[in-house]
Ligand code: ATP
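Presented as structure tokens, the chain that follows is alone, the form predicted on its own.
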């Protein structure tokens, strides 16, 4: 099965991002925009894995969650990979919670390595993909738009299964891992 580890977003944040992508369509009509219900912050993409791997990851990922306190986050700022002039991916960054998300991602990767996960060589860049372009395009006007989202609380992360369908991916939550509650 095909799996990844991610932080899911509250429904109101997804709605806000859906409004944002509808506004960006006029700048990049050829882009394939991510449906709001599929938006998430990826911590690690595992790809195709053996059916027993999710069960073997349960304990190490639960221990990872227990080491990281819940935190506040907010999405904001637009950008493009590899750059605005020849964009292949349009993304929204993080205005708050990037350090905490980066620390969580690093620890998640550390928990996955003993199970055979090979980390990406590129450094982790906290972002959420909004859309993709088949051929590079100038996204300068789109990424110059101002966006600052509503804040949200990150209290858990999930292991998701991804099934690729003709109309787009379908995600199923396999496991959820709580972050440590802050001290009272």
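Positions refer to the first chain, counted from 1. This is a predicted model, so every value here is computed, not measured.
Not on display, but discussed next: the form predicted together with the named molecule.
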(message) Although the partner isn't part of this model, could you tell me whether residue 10 comes within 4.5 Å of the named molecule in the model of the complex, counting any heavy atom of the residue?
(response) no
(request) Spell out, yes or no, whether the shortest heavy atom distance between residue 162 and the named molecule in the model of the complex is within 4.5 Å. (result) yes
(message) Whether residue 121 contacts the named molecule in the model of the complex should be assessed with a 4.5 Å heavy atom distance threshold; does it?
(response) no
(request) Please check if residue 56 has a heavy atom lying within 4.5 Å of any heavy atom of the named molecule in the model of the complex. (result) no
(message) At 4.5 Å by heavy atoms, is each residue in 40, 45 and 169 next to the named molecule in the model of the complex?
(response) yes
(request) Taking the named molecule as it sits in the model of the complex, which residues of 1-15 have a non-hydrogen atom within 4.5 Å of it? Please list them. (result) 2, 4
